[in-house]
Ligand code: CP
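The form predicted alone is given below as one chain in structure tokens.
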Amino acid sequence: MTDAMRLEDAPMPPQFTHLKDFTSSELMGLVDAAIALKKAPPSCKPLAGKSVAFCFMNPSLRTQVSFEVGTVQLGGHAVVLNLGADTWKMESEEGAVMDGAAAEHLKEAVPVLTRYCQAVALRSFPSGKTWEEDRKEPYLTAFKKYSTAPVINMESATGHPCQALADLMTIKERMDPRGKNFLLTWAPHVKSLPMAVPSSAAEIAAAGGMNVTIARPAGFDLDDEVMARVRASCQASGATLRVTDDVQGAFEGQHVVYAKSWGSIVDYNEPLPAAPEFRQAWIVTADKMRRTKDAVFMHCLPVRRNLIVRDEVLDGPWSVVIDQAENRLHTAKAVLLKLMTGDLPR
């Protein structure tokens, strides 16, 4: 039997690539499992004898370390690869004439990895050329198509589901998210950034039953499909969704403030406004945090101090960014266990 026949005939392996593939209760189940793992790590080694290939096409600190350490803590072996540096450059396009820099096609590379490893994970940022092309996520799509093992999305053009789990876990450790107010606020940056983190942050807050407010400048709306899912989740739980460019008023009454910069779909990959007065209007300050209901401040990290958020906020009583980063480890373990064993702690 050929590899092609095996791929075609084999059942689809489990995946954790997009939040939209899971119900709110399933996502909350992963969060609850991560909380349990944080309190009491497994006494056994459920991933003993198993390996996971973590493939990076972009820089990483928390994602790489949390998954690598989490795999080891569960008894497994982590194989970390920087695609194109540790490996040949990879091609994803079907039918491509490979006369350029790429020496290997994912059509061969992914099946080979899944002969060695029992799960694969990919981090692949958007190219920044057009949103129409980037939202197709060619590399992640190829991994899902050619893999015979579970696939994990460690951040793609449209989402960062692993970060989102840690975000909801961090919130749930402090409050019942249902009915609480969540503000996703746009923030200044030196360059146009992907929409993966803010999209997933909004989706997971809505999945958790929170009232979602998105404060952004005109022209910086998230993707329509993302907003449709956020709206549907809010309606299903009886929560509200509000989109505004009133950054000062948006902080009023919030329980969670999540700051993140992202680029504009309208002016895709164009430089962000750099006028001092514009940046001052959108930076997160102590005065804005005092408008909230003693909200916690969240950011996925890395964060540019005194551009996105003032030191007084990051170093003050509002900030939970280090706890949020730590929780990447526990949610990573929950995802690995779910995909590779089908079992989660209670």
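Residue numbers run from 1 along the displayed sequence. Just so you know, these numbers come straight off a predicted model, no measurement behind them.
The protein also exists as the form predicted together with the named molecule; that form is not presented, and the subsequent description refers to it.
If you check the named molecule in the predicted complex, you find a heavy atom from every one of L61, R123 and Q163 within 4.5 Å. Contact with the named molecule in the predicted complex, judged as any non-hydrogen atom within 4.5 angstroms, is confined among 279-287, 44-52, 294-302, 30-38 to 294-302.
At least one heavy atom of R328 is located within 4.5 Å of the named molecule in the predicted complex.
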